[in-house]
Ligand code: ATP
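As structure tokens, one chain now follows by itself in the form predicted alone.
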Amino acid sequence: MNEELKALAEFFPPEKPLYAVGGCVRDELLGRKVYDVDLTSACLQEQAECFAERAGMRVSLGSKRLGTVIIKGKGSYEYTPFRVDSYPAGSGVHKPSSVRFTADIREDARRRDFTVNALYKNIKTGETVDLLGGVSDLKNRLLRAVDDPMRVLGEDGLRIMRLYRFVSVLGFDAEEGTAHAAREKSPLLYDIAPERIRVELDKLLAGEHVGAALRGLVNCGAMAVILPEFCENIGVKQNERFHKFTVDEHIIKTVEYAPEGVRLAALLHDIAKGRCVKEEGNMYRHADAGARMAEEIMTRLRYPKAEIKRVTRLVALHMTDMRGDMRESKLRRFVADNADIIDDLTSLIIADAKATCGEDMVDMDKCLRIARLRDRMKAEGIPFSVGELAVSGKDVMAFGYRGKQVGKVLEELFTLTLQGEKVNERQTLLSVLNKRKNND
């Protein structure tokens, strides 16, 4: 740990040393980059505040009920005293109903979720304190509940999402008893606020082993709670001439092939296929139907409006020029209308293609056609909007046009330049305006 924390640790009494705890200790032992450092000890909130101030650091109150202190120096750290949490029996809610502070580190360890997250590091001595076998589970790449998994996952339904988030991020397996408890307790996710599920889902989608995590959510029943629309696609067959997998497996493989920023769109891109087959007997309209479903899902999970708009557009447009035979004039208009998402759309199209026919069978020329046209248009100086024209509304008005006519004339000029019929240069466009006026 850094020198700032070592200096802070000097103010804690020897019988109540300062510890780093949880993910930061786990990640350091795994050789992974450490981002956030959580701190703990047997000292209560007021004592920790005093020690931090004496160390020349700033403090602010996090939660009086949980005893949390935010300590800031060169870095920012969250401190919480050893405590025992109690939850309403069988509710699965994320928030403990009562909190009791304790001087016993073992009690604090048993309130946590998984053994690999219940590791402590003495800041002053550098010693790792492992009370529940977390180091062994790290070596065996296992995610094991700190205690009876039925109790641990039953206390907080969100821990099921955390379990598979760590499967995704760490590439670990869920220990058999813990996985069984996840299956038994998955209905408790109904008690969790949608925005908390969204946060965990986003973190899960960012992991290197996202496919294993998504399959785990399906197998334990959690997917039926958080994304029941996905389950409508389980086992749905596709045309074997083009697809190697059922819809659900195709979706998961698309997510695996997609870059991180496109994975939510990949998860939702074919979400409507199962429903379309059930209602219409085919999948022809799945992109449009999927965009509507994606909007409903993301609204339910409290995603920001801008992200909802971006993802639903990607879902709606992911079949564009699928055969690579769209007229270039039409494709140029498409590029201009969607220039802001072309890179993400191309990434989704490539991931979809790889998950359809296999990585080695992808026609990259088709997949890249839209992006390459965008690049060529940029190189040619083609405007992507009326606002990029070399003339303005004032120029149009100088030729006597007024009201709605101004917008109509600008749109005509934009179309001429977009299709490459006229160069986007001021004198060229003024000449067009002059000729148009003379012909009116």
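Everything numeric in this text was worked out from a predicted model, so none of it was measured. The first residue of the shown sequence is 1; numbering continues from there.
A second form of this protein, the form predicted in complex with the ligand, is not displayed here; the remarks below concern that form.
**Student:** Please state whether all three residues 313, 334 and 338 have a non-hydrogen atom within 4.5 angstroms of the ligand in the predicted complex.
**Tutor:** Heavy-atom distance to the ligand in the predicted complex: none of the three under 4.5 Å.
**Student:** Report whether the minimum heavy atom distance between residue 203 and the ligand in the predicted complex is within 4.5 Å.
**Tutor:** Result yes; residue 203 sits at the interface with the ligand in the predicted complex.
**Student:** I'd like to know if residue 17 sits close to the ligand in the predicted complex, meaning any non-hydrogen atom pair within 4.5 angstroms.
**Tutor:** Result no; residue 17 lies far from the ligand in the predicted complex.
**Student:** Should residue 137 be classed as touching the ligand in the predicted complex when contacts are defined as heavy atoms within 4.5 Å?
**Tutor:** No, residue 137 is distant from the partner.
**Student:** Can you work out whether residue 270 and the ligand are in contact in the predicted complex, taking contact to mean some heavy atom pair no more than 4.5 Å apart?
**Tutor:** Answer no; every heavy atom of residue 270 is more than 4.5 Å from the ligand in the predicted complex.
**Student:** Which pick from 159, 185, 144, 286 sits with a heavy atom within 4.5 Å of the ligand in the predicted complex?
**Tutor:** Contact residue from the list: 159.
**Student:** Can you work out which of 38, 388, 28, 412 has a heavy atom no more than 4.5 Å from the ligand in the predicted complex?
**Tutor:** Result of the distance check: 38.
**Student:** Using a 4.5 Å heavy atom cut-off, which stretch among 129-137, 224-232, 111-119, 239-247 contacts the ligand in the predicted complex?
**Tutor:** This holds for exactly one stretch, 111-119.
**Student:** Does any residue in 161-175 get within 4.5 Å of the ligand in the predicted complex, counting heavy atoms only, and if so which ones?
**Tutor:** Those in contact are 162, 165, 166.
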